[in-house]
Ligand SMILES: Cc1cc2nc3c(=O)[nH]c(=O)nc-3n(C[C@H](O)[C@H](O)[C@H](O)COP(=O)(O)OP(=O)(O)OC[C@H]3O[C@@H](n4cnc5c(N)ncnc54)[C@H](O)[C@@H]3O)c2cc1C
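For reference, the chain that follows is the form predicted alone, supplied as structure tokens.
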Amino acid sequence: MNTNPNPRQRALVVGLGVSGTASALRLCKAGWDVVVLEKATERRRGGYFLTLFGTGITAAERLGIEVPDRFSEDIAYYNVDRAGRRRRGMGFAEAVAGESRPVVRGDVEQAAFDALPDDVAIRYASVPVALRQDKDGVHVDIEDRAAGTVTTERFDLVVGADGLRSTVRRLVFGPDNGHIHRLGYMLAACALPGPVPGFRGTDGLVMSELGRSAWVFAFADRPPTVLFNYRTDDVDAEFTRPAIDSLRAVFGPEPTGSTLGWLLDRFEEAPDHLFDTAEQVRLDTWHRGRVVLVGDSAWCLTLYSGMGASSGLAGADMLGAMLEQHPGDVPGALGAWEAKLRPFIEFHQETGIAMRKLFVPADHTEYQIRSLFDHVVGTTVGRTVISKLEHRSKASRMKTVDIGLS
């Protein structure tokens, strides 16, 4: 017989990325016992470039996550072409109001992981295979892929933070058809072994062409990363051959020149890389009963929005706060959480669609606009004017809002 008048509630968090680790951390702070499932055999490290903006920085600080800052005033961006010509460009710190921190994804994940209490149970090589809800809890069948066993456990809350292709989402909300929206663009990224030849380690590069682009993102204290973008009419076909073959095909048949050629060679040699399609998740609701989706599982803003990690941290922080404000009423807490968070997320989903034009111009009109922008920011006066305009924009301000207090 349980004699504890206030037993601690149990939460299952699926996924050990930014959103999952932050959710586990915040639920612990709210007094929950937490189990985390991660399908990989170990925690991933490294990752591609991202910027943590004010919204994410504020949430991280409230969660006790100490994210490093890899920015310095010495970082400069250049627009370049295949012939080797370069012209001063505009970096992210110049374009966004408030504090911003350039990092790699692994920086945020490591910092969140380091903040987790020791009593959080993390089970690697484990996935949910079935969920059955009633009004008081959720029975979850959990497969341990290493042991080849399936066990059933009961939880008061299940948090799906297992990414764009979420298992929790499919189990609870049905097949991905109608939920995942492809944008028609491919992304390829990797860490570089060192500075691009002819540039400093703190120099970022942008090579923008019609339907394709290459970006090099710089840091103050580590080698840069590269991101390739390109438009495609057949996403599935891009996965039928090695990623480097797709990249060389789309950036040909013209001669690459030394810079682009070097970047492609380094991608081919990289021990790890990202090669994926730009997609958003669109759902009418992010929760059902006692199951909730957080981060890319629920909304996937895409890399183009720049707010993926920030929204994941903020969403996790708000989830714990709503559960504290609605003690004993998990469904009510999830409803309040979504009602408060959804306008912010929907804004950044739409902004992500618009920002794609900055990363890769799809047609001649977008390319001409991008070329004009590059020409303007190539001068000190132009960068100053554009920076002031961007700082005043709603898109910039919405990257800094503390949604936990809004």
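Just so we're clear, the structure is a prediction, and the values are computed from it rather than from any experiment. The numbering used is simple: start at 1 and walk along the sequence shown.
Unshown form predicted together with the ligand; subsequent notes refer to it.
| query | Using a 4.5 Å heavy atom cut-off, are L27, A316 and G335 all in contact with the ligand in the predicted bound form? | reply | Not a single residue of the candidate spot has a heavy atom within 4.5 Å of the ligand in the predicted bound form.
| query | Would E279 show up as a contact with the ligand in the predicted bound form if we use heavy atoms at 4.5 Å? | reply | No - in the predicted bound form, heavy atoms of E279 and the ligand never come within 4.5 Å of each other.
| task | Decide whether T51 counts as a contact residue for the ligand in the predicted bound form under a heavy atom distance cut-off of 4.5 Å. | result | Result yes; T51 sits at the interface with the ligand in the predicted bound form.
| query | Is there a heavy atom of E109 no more than 4.5 Å from a heavy atom of the ligand in the predicted bound form? | reply | Because a heavy atom of E109 falls inside 4.5 Å of the ligand in the predicted bound form, the answer is yes.
| said: I'd like to know if H375 sits close to the ligand in the predicted bound form, meaning any non-hydrogen atom pair within 4.5 angstroms. | reply: H375: no contact with the ligand in the predicted bound form.
| task | Counting non-hydrogen atoms within 4.5 angstroms of the ligand in the predicted bound form, say which of G308, P224, G320, G91 makes the cut. | result | In short, G308.
| query | Which one of K39, R70, K357, R62 is close to the ligand in the predicted bound form, taking close to mean a heavy atom within 4.5 Å? | reply | By the 4.5 Å heavy-atom cutoff, the listed residue in contact is K39.
| request: Within 4.5 Å of the ligand in the predicted bound form, counting heavy atoms only, one of 41-49, 349-357, 336-344, 376-384 shows up; tell me which. | output: That would be stretch 41-49.
| the ligand in the predicted bound form - contacting residues of 107-127, heavy atom within 4.5 Å | The stretch touches the partner through E109, S126, V127.
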